[in-house]
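This document starts with one chain, in the form predicted on its own, laid out as structure tokens.
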Amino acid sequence: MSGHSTYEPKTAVERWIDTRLPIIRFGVDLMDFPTPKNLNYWWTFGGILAFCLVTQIVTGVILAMHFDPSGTGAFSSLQGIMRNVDYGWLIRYIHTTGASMFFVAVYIHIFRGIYYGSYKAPRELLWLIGAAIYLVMMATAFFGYVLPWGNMSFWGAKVITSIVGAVPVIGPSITTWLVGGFTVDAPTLNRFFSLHYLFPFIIAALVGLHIWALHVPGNSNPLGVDVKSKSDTVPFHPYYTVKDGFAIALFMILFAVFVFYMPNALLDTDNNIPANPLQTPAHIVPEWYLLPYYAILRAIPDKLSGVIALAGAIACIFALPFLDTSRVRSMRYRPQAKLYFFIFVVDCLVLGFCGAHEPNEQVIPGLTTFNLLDSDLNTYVWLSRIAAAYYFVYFLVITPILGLRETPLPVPESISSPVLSHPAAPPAGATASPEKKG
């Protein structure tokens, strides 16, 4: 798919640059890259994610210029940014809202990849790099969540670092290094600030590798078939630059609605209170985009088992290319797989819903008489356990077995193959138009 470059320098300056650093050739080749002509709007989220990454890096660098990463100054410096820095309120709200928008786009991107089988050969390495980006994103988001040094940030840091400490052998040493002492305090904040500033550039490097890996086998497509000829493709520019630009513009409208009209809707109100080691929040929760994993962690009473389940949930995403045994990529032609996939999407939403509620809170308020297995089945813990069980069953049981047992629908031979094997019949009751006589 990468093919041979057709770029020819037109001026002496271009030739001089091209022989020493072929960056112009690289840009032209990206624009001319043959792309499947049937990509739908689900494929525009790659460009949306690039927009989110640039937004987060730019606003993050500006915020870092005014932020004081100390236990006594962090909370007040953020208030100073909001009140005293020119447009500081706007920069901060773009950054905080951008984190949520980043995860909205990445989750849609991941679900699209699963549905259309974008992880299948020869794109396994592409998927693994994408999963690594997602993992680093979660770490970056957690470090950033702690920086406001509000009460929820402080106690969230204590919970997460205690989870790391539950890892046998290496856990306590990593926790001590990460915390900077024996408990979460000012040194913890300083370390988290350094890591939060560093990790976005690691993400940018991984994105570069992701794009490189993408341009070796080429884009996947909704049909899940390989590109057979040049007639199956169109140049990336102008066809998909315009399409991606339109999608990014729509995404920016949603982004702006949150920034200007409800910037705190996705934030925790307890973070408006300065960190207080003596005042534990009523319900310690992470940001919404980490709630499904928090629900899996909390569904298991033993801490070490919960940490293993949490790590296993993330590992399943990495292992997906090697778990799927089906030779058909797209679920368009796998009706049974499609059904299980939509149940999986709902299951992830249920996990997020459970993670946002207290363990002893009743799903149906007032219903206390229904009891099973000597435990209150109306609690979110049991619902989390059922949802977590399906999460692992989907990856470890359904995906490999279904690929061996299901009978997929016929798959087109190529992107350009006609959908129908015969001309479309006229509607019922209609008569064919008479032929014109010469």
Partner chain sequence: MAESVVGAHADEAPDQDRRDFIHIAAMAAAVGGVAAVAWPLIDQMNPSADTLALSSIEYDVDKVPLGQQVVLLYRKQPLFVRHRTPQEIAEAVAGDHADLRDPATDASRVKPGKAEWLVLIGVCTHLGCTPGFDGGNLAPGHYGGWLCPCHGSVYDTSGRIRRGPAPLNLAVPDYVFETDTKIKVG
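Model, not experiment: these values are computed from the prediction. Residue numbers count along the first chain shown, from 1.
This next part talks about the form predicted together with the partner chain, which is not shown.
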### Message
Using a 4.5 angstroms cut-off on non-hydrogen atoms, would K158 count as touching the partner chain in the predicted complex?
### Response
yes
### Query
Would A282 sit within 4.5 Å of the partner chain in the predicted complex, counting heavy atoms only?
yes
### Query
Does the partner chain get within 4.5 angstroms of any non-hydrogen atom of R191 in the predicted complex?
yes
### Query
Going by a heavy atom distance of 4.5 Å, is V234 a contact of the partner chain in the predicted complex?
no
### Query
Looking at the partner chain in the predicted complex, do all three of L178, T183 and D302 come within 4.5 Å of it through at least one heavy atom?
yes
### Listed residue that, although the partner chain is not shown, lies within 4.5 Å of it in the predicted complex (heavy atoms), from P335, P168, P277, P238
P277
### Message
Can you work out which of A74, L126, V225, L297 has a heavy atom no more than 4.5 Å from the partner chain in the predicted complex?
### Response
L297
#### Entry: Candidate stretches 225-233, 160-168, 259-267, 338-346 - the one whose heavy atoms come within 4.5 Å of the partner chain in the predicted complex
160-168
